[in-house]
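Read the single chain below, which is given as structure tokens and is the form predicted on its own.
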Amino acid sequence: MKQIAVMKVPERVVIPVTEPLVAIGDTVNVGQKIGESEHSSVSGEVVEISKLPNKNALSLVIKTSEDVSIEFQPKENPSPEAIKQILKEAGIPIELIPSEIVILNGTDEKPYVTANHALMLEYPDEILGGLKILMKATGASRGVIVICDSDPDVIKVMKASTKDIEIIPSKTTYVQCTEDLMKNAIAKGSKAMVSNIGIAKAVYDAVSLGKPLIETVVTVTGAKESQNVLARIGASLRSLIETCGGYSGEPTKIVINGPMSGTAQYTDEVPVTKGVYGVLVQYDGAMGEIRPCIDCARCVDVCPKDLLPNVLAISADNARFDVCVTYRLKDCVECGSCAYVCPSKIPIVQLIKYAKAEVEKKE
């Protein structure tokens, strides 16, 4: 059974770029470099360069036509330094550091996100190939993939595909393992780098196929048909949701990535970017009513960084950002554990993100 649906080419894409390499009126092809580390995910004409919908960065608006791809150039047995350059040119957001172990986080934020599950079932060999490329680039002698123990089908497929990569089942239920926790549990003091399944697949594509990062797998939940979709970078959330049958009612909120640690969007015209792995559409009453904090301290009990999430959230909600800083605001890794267990349904992570943004403005 196919795990990932492929969305049709959208009528237009909006791709944020650091520095445009093309101008309005130019024709671009699939895979063509259009920014310092960005590539076109479609063929078409550049019709606009603006700061909308992301007011913090320029975006290229491309009106699409029939797909025409540039010729991808795979690399044969590249050196570690060559791999680093290939990944940079391909626009893959990863920092390669000298390591003894490379760990891939294959857990999902179930039930809302299952992209890793789908990727490992459809592309086990490519993911393992990407991990081995990362090991070569970082000098690591050990490769590990962490998979939820509730995914026996994935564990079986991945173990059948390799004998020299460790597959470690995790008791994670909803919240993804944080990088620090994974390093502490697996590396035990050794130098380690943590990445994810989607990046490993992109690394394989870049090195073995010569293909830049122009598409990503996104779990869409809350549309008429919840499913994993291979989406073009720059496609709007609306077009992604339409691929899944459209809305099943009047949406009240659209959240990018997990509901506990993700970010609510102000419009469904926001584009899919490289960091998007989930889209959750919410309707009235779907997540329960937000109530005042009852001081149960459940958020404190589950925080992997030993913070006081309740204090941070309440302080942020009251614009007491000085208090947030005092209570180690920047140490929060935004894992979502606190919001997940909160009986009052307080959007703790969103409030913490808000506080971080306000503190950053003043620095």
Partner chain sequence: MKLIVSAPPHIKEDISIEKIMWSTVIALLPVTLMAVYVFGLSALYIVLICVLTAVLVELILQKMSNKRITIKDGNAVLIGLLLALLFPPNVPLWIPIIGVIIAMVFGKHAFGGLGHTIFNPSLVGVAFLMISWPALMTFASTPRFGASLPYILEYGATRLADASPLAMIGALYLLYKRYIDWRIPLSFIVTLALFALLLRIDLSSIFTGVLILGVFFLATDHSTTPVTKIGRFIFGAGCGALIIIYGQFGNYFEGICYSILLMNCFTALIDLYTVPNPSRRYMSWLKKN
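Residue numbers count along the first chain shown, from 1. Note that this is a predicted model, so its numbers are computed, not measured. Heads up, when I say rigid core I mean the largest set of C-alphas that superpose within 1.5 Å between the two forms.
Just so it is clear, the following notes concern the form predicted together with the partner chain, a form of the same protein that is not shown.
Novice: So which stretch, 25-33, 58-66, 38-46, 325-333, is the one near the partner chain in the predicted complex (non-hydrogen atoms, 4.5 Å)?
Specialist: Checking each option against the 4.5 Å cut-off leaves 325-333.
Novice: So in the predicted complex, are Y112, P251 and Q265 all sitting within 4.5 Å of the partner chain, heavy atoms only?
Specialist: Yes.
Novice: According to a 4.5 angstroms non-hydrogen atom cut-off, is S315 in contact with the partner chain in the predicted complex?
Specialist: Judged by the heavy-atom cut-off of 4.5 Å, S315 is well away from the partner chain in the predicted complex.
Novice: So in the predicted complex, does L240 come within 4.5 Å of the partner chain, heavy atom to heavy atom?
Specialist: L240: no, not in contact with the partner chain in the predicted complex.
Novice: Looking in the predicted complex, any heavy atom of K156 within 4.5 Å of the partner chain?
Specialist: Contact check for K156: no, nothing within 4.5 Å of the partner chain in the predicted complex.
Novice: I'd like to know if L209 sits close to the partner chain in the predicted complex, meaning any non-hydrogen atom pair within 4.5 angstroms.
Specialist: Residue-level check for L209: no, no contact with the partner chain.
Novice: Among E76, E71, E289, E95, which has any heavy atom within 4.5 Å of the partner chain in the predicted complex?
Specialist: In short, E289.
Novice: Check each of G222, P271, P259, G198 and return the one that places a heavy atom within 4.5 angstroms of the partner chain in the predicted complex.
Specialist: Contact check passes for P259.
Novice: Relative to the superposed rigid core, does S337 relocate between the shown form and the other one - that is, does its Cα move 2 Å or more?
Specialist: It does shift by 2 Å or more.
Novice: Superposed on the rigid core, does the Cα of E45 end up 2 angstroms or more away between the shown form and the other one?
Specialist: No, E45 moves less than 2 Å.
Novice: Quick one: once the rigid core is lined up, does K33 have its C-alpha move by 2 Å or more between the shown form and the other one?
Specialist: No; K33 is a residue whose C-alpha shifts by less than 2 Å between the shown form and the other one when the cores are overlaid.
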